[in-house]
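So this first bit is one chain, no partners, the form predicted alone, shown in structure tokens.
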Amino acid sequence: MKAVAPATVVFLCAGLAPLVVRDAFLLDSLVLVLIWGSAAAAWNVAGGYAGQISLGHSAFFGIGAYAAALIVTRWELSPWLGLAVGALVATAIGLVVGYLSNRLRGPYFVLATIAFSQVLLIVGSRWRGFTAGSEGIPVPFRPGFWTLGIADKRVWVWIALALAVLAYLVQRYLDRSRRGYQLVAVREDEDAALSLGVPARWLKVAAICVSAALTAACGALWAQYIGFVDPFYVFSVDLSVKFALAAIIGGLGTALGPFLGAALITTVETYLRAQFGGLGTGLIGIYLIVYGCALIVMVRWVPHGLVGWIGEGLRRRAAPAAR
């Protein structure tokens, strides 16, 4: 229960914020924090709990974004259906990718995931007849909840919060379940886990499938919220790095960590955009420099992430009181 209490406070505050906050900029930032936090949590299922470090997770995000956008623009159906289709397609592709690459470890698995995302980038940017190519897809605004044509950012906060809670509960299940413990064993020493009868390879494939489905759902909601899908963004390695970095900064293999990391990264991005927005494409380079410095700092001085750092600080304060 102690581990659940901080998350309850965080999500409760996020849910109550639209009732007291009227500033559109702050609500927009909260929506993005929840979406990016959910995407980082989805990455954490495979990267944090299963030890499958991926730098190609933007592939699943892009699949979800394109599924929702194409369902709306080409067939004029509900983006909710696009979200479901994107999650199913991402799960199927995750099954294939996970099965084909589950014998790869370390940098070889990382390279395989990057190659997969870049293949989808090429397909998305050049298949003009279906994806509109490099021009991207503008998502039309059709008012209504069923069409996700929602102008009220308060409603978007609650929609993104529902996805965030789902991603959090999946991680909590891994924290407390037998399968979760088996995944941790696979992450720490796969050969030892196999010798004990743990179905390591199928557990890793299952983790990638769940991670892919959640990431695609994040991509679908993001596409509807932003209103435009750009292949060079949704399939970029930079986006995958963003997911991974949020989980690492927040606390790898922790349920609340990805959301704390996403909040910090989104805040830093917003500040940099406000300060250096006039630099245009040069801003991307500044982002990467900041990301790299943040990663070095976290690995060197806070290896367990923000969750571990905050928990350690609270234990130190509680120790004198217990005496």
Partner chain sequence: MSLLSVSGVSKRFGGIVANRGISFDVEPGELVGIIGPNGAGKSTLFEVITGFYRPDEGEVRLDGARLTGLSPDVVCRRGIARTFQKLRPFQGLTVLDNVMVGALTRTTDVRHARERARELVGKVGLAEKAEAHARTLSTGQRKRLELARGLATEPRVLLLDEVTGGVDQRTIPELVRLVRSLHAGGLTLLVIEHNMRVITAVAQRIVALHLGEVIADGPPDQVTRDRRVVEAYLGLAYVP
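None of these values were measured; they are calculated from a predicted model. Positions refer to the first chain, counted from 1.
A second form of this protein, the form predicted together with its partner chain, is not displayed here; the remarks below concern that form.
- Shown without its partner, this chain lists R142, R176, R126, R74 as candidates; in the predicted bound form, only R176 has a non-hydrogen atom within 4.5 angstroms of its partner chain.
- For the options A193, I93, A112, L81, the one in contact with its partner chain in the predicted bound form, meaning a heavy atom within 4.5 Å, is A193.
- In the predicted bound form, D152 stays away from its partner chain, with no heavy atom inside 4.5 Å.
- Contact check for Y181: a non-hydrogen atom falls within 4.5 Å of its partner chain in the predicted bound form.
- By the criterion of a heavy atom within 4.5 Å, E135 is excluded from the residues contacting its partner chain in the predicted bound form.
- P199 belongs to the set of residues with a heavy atom inside 4.5 Å of its partner chain in the predicted bound form.
- None of 184 to 192, 236 to 244, 216 to 224, 162 to 170 except one has non-hydrogen atoms within 4.5 angstroms of its partner chain in the predicted bound form; the exception is 184 to 192.
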